[in-house]
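For this one, two forms of the same chain are given in structure tokens, first as structure 1 and then as structure 2.
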Structure 1
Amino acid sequence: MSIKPTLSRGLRDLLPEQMIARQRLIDTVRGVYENYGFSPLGTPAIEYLDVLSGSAGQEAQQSIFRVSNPEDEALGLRFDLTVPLSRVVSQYPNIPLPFRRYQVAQVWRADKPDPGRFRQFTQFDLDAVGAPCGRADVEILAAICDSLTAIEAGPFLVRFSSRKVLNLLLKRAGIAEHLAGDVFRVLDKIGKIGIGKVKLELSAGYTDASGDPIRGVGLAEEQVSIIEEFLAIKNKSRGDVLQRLASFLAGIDGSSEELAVMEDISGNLDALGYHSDQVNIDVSIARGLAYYTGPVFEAVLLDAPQFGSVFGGGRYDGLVARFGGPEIPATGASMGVDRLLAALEHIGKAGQVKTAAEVLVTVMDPGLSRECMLVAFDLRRAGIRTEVDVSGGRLGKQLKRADKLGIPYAILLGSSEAERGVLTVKQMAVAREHGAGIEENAAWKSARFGQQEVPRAEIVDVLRQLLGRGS
């Protein structure tokens, strides 16, 4: 009986052309995070359900994949990396704080799958636990900028605000504290639904395009007006936004302390070279999650804003204490690896490499099989990523496959070459996109598959040169 080779909905495979781009991205960002002195952490995919759901909002709880073990415990797959981090910090009191860790791993959410939205996706988190508000938040913002610069994502904008500033807004508008979560949740949608619908949802609600009623938060008209006035505080300069915020919040208890925190972050960013064109203050940023307590961050690619935030995060001073220990201040950000790759692909910056191989040594004569392997191993030992044919198929098929995969060079060894002590090097169609030294060589440009004979003893040097590795 044959089994259908297929995946459950919302799950997908990542074929080499996708994985190569993904690994390059992850390796680059890992380099940035380690440069900041952050270290890797690994946690298992399976956590106790109470660890997951006790820390999750209601929406996250419903989307947890349940897992069963032989002991019939209540288990689930992690839906983010922040909850496992909080558990780890609570579980191992000997971890020296601040705990500066990064983690890149799969997370699972059993949401309704949409195009481009999957039930397994990769998060790449950077957090400092045991770090009160200040330098740590500046570092997270700077690391986001450095990551987006390092991966050459094109122009980007990191935006930040603070839950504490939003709390001051609530005070200023006379909105009861228990409504804070609802108000922030609605504000978080402003990028998607616009100010008009945000206002409606903050007051009496409305009926959406598909006829579904959207329940309102029930704020009074004057309260909504004050929020609208707040949301209008925008400028290309952080300094200007801070000045306008100061006058908007003037006289509100605690506002000067909170604004001093924002000013300190902004001043540090300027001193370190991260100016308003890279990192701006955007007071509309609320971030959906309930656990944020201070500065909140997000980042968009300016060439692909429709993909939304490719980084998101903020300060969560209360999360670790949910496991019964003391309150430990913490801040961090999460890179949405899948979303960022989709955005990079959209703007043609994800890379199109389909294989690790730079050279294929073909085998056309079984009697020369061993000599072909020797050529391949010589190239490998010189650091050239080399395949040798293992199909045993016809030469034409071997070359067609190399062309399809975009392997830049193929080496041919027939009895005629063997007699004369040479190899034929064939430049595949895509070779022009690879390495240096090709354009100068007119012989290579003459045909779709340019080719030339190379003495066996020179094959390593010739390929090193063709691939731009110097001599």
Structure 2
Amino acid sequence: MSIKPTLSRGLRDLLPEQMIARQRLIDTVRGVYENYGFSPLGTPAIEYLDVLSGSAGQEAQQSIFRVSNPEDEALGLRFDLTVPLSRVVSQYPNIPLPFRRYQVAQVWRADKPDPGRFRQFTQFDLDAVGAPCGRADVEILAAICDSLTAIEAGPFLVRFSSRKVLNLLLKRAGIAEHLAGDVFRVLDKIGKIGIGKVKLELSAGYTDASGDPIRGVGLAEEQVSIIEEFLAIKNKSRGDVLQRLASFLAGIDGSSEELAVMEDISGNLDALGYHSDQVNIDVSIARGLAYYTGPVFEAVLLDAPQFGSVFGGGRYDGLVARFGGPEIPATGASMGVDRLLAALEHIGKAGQVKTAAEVLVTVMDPGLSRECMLVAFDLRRAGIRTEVDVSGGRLGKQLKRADKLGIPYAILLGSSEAERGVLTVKQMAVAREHGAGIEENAAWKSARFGQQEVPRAEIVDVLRQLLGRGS
């Protein structure tokens, strides 16, 4: 019985073209993180269920993939990298604090798949555990900006707010503390469903387009009006938003202290050159996970806003204490690699490279296959990514494959070249461009578009120059 080759919903294969773009993005962002002094960490994909459960709210709890082992223990696949980090800090008390780590790994969530949203996806996190609110949060925001700039993602906007400001909103609107999670969950959806449906869900609820009932939080009309007034506090200037927040929250206990924290973050960002056109204050940001306790961040690509946030994070000062240790301040952010790549692909900035190879050494004559391999290994030892043909096919087929994969250079070694101690280097793009209008094979061969003969001893230096690496 044959098995149908297919994947479960929300999962996907990543073919070489996608993996190359992914790896280049990760390598670029890793360079930014390490430039900030963050160090790598690895943790298992599987954690005890009680480690994952109850750490990030009801929605995250429902999205956990549960697994079992031969010992029949209750386990789950990690849904993010922050909870495992908190477990690590608690489990290894000798780790020097602040612990500044980055981690890139797969996570799993049993969510409804959407464009750019999968059930298995890659996160790339950076966190500072043991760092009080202030400079560490500024560094996270700056690293988000630097990462998006380094990968040439185009125009972007990083938005930040604070969970403590949202708590002050609850006081201003007279909303009971036990409703905070539900209110924040609804506010976090404003970018997807709009202010109209947010108001309905905060009050009596509504029926969505599919006919499913959306349960309301049950707030009074006056409370919803106060929230709407709060959400209307917007401006391109961080300073103006802070002034309007101060007026809105005047007289609310604790507002001056929390707004001073946000003013300090904003001032530091200005001093470092990250102004309101790159990092703005957006009071609607709540972030869906329940463990956030202070500043929260999101980043969107302005050319692909429909993909939502490609970076997200915030401060989570109470998460480590879940494991029985002291309350340790922490802040961080996570890059959604899959969503970011989907957005970059949509705007044509993901790259179209289908192979890592820069050079294909063809084999025209089986009797010269050993010399062809020697050429390939000379290039590899010089750091030039090289494939040597192992198919045994005709030269035309080898070159057609190189062209299809986008390998920029091919090396030809026939008996004539071998006798004269030379190699023919073929620049595939030139040959394709100039040979497009020639229909007869003989004419195409005689034209030798994009070809040059190179002494065997000089092949490494010539290819380095062609690839822009000097001699």
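Reference numbering: structure 1, starting with residue 1. Heads up, when I say rigid core I mean the largest set of C-alphas that superpose within 1.5 Å between the two forms. This structure is a prediction, so every number in the text was calculated from the model and none was measured.
- Of the two forms shown, the form predicted together with a further copy of the same chain is structure 1.
- After superposing the rigid core, the Cα of N35 is displaced by less than 2 Å between structures 1 and 2.
- When the rigid core is held fixed, the Cα atom of E17 travels less than 2 angstroms between structures 1 and 2.
- Taking 2 Å as the criterion, I26 does not count as shifted between structures 1 and 2: its C-alpha moves by less than this amount when the rigid core is aligned.
- The shift recorded for the CA atom of P70 between structures 1 and 2 is 2.7 Å, with superposition on the rigid core.
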